[in-house]
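Form predicted alone, single chain, as structure tokens, below.
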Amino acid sequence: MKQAVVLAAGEGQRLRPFTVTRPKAMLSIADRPILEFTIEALACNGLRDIILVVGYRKEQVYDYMGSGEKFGVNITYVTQETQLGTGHALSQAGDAVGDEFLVLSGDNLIDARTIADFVGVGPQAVLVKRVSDPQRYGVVNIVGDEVKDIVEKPKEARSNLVNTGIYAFTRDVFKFTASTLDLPDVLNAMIKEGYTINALETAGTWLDVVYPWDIISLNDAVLRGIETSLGGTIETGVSLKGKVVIGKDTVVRSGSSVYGPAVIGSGCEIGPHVSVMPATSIGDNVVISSFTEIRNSVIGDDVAIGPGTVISDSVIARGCTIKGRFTALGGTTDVRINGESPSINVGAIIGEDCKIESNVTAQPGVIVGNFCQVQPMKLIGGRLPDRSLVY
């Protein structure tokens, strides 16, 4: 198997506010887009002929991935003009693929180990994984190694094996994608027509980003695999413990502490007297002022955070300005998105280019849309639409 189709056309509405301005596959984890991890995993397994199916805000994918040369692969682009489903997306690649190929989702986090064994499996096949919450996914019912059916988000799962969205196909699949919009339904249709679909279980990394707070768990998973790399300037009196990555032209000022695993991007100014705690990723060109603590959080590019701030279990998108003594602490809460109300532990979810003045407190689970403004001394909770003004 030497060719792969990567589906990266979707928006991801449940991930708003982050996907209002960028496609799901381009969301940043540990200072890199999710899609890059997928391309890297393919390249490590010798799959260098890659067809990328793009659609929603496709220019961002073009700009970042280019021809694929810098990732050691060759990328061919095809476009899904209207996002009608994964089966429809695959059908757009019909003229670009050979006789056998892998299909993967560009917005799932995988590593090279996840697909290492699957590369050698002949079509038709699906990669499956055991999870603790199968009701969130397509549950794969198998007998022996053979798939009997896939049931999407069942109320009661008969198995804890779920569909990873990673498949091995021949061109026979295109007999079914013309009339069936989603790939799980394509597999069910193939089974009814007498095709044998084999299942291979993986123990490797496979994580799906469905909700905004899933970014936190994906970030934690990636950071566990980093190796220390120190660039920039680290002043005397800085404490570094564990695996830490610090980008070029970043300054970490005296009295600050960074506890790995943690990533700090390029061109940042950290401190003095700042604590960056484990499972934290900080993007490029970020300013974090003195006496601030950040833990288990993802901070986007070009963010400025004022002094005396405490942030945990949170995601703050690029371009935000947050003045001093802002507080966003994780806590158990129920958040309603598209009719679903999962119980989660999360701090604040803040979209792009928000302006938050001093002495603001965010309740656990608050979702702040893009381009919002919050005046001083406010308590924010619930969900704020894009361009909200809290005064």
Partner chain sequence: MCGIVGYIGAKKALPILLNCLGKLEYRGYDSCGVAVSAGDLQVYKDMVRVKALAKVVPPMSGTIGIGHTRWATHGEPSAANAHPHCDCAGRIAVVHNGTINNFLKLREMLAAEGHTLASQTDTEVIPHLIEKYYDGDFARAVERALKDLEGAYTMIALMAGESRLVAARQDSPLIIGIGDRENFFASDVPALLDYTSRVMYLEDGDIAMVTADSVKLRNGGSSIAREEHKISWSVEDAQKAGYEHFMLKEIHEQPKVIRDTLAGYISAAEPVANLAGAGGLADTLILASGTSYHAGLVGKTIIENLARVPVRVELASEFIYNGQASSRNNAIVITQSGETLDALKAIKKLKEEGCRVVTITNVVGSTATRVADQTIYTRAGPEISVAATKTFLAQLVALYWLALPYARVDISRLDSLVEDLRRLPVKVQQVLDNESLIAGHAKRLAEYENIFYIGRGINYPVALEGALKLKEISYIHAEGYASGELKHGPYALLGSRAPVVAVVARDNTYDPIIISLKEIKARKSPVLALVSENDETIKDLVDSVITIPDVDPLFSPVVNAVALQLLAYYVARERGCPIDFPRNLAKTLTVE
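The structure displayed is predicted, hence computed values, not measured ones. Residue numbers count along the first chain shown, from 1.
Not pictured, yet referred to below: the form predicted in complex with the partner chain.
Taken together, the three residues R130, Y167 and Q363 all stay farther than 4.5 Å from the partner chain in the predicted complex, as judged by their closest heavy atom. This chain is drawn without the partner chain; in the predicted complex, the residue among I50, M65, I34, I349 with a heavy atom within 4.5 Å of it is M65.
Though the partner chain is absent from this view, in the predicted complex it lies within 4.5 Å of a heavy atom of just one residue from A30, L42, L27, C354, which is C354.
Annotated contact segment (heavy atom within 4.5 Å of the partner chain in the predicted complex): 267-275, selected among 267-275, 134-142, 205-213, 111-119. The partner chain is not shown here, but in the predicted complex it comes within 4.5 Å of a heavy atom of T321.
Shown alone here, D284 lies within 4.5 Å of the partner chain in the predicted complex, counting heavy atoms only. Among heavy atoms of D172, none comes within 4.5 Å of the partner chain in the predicted complex. Heavy atoms of Y259 never reach within 4.5 Å of the partner chain in the predicted complex, leaving it off the interface.
In the predicted complex, the partner chain lies within 4.5 angstroms of at least one heavy atom of each of the following residues of 369-389: F371, R387, in sequence order.
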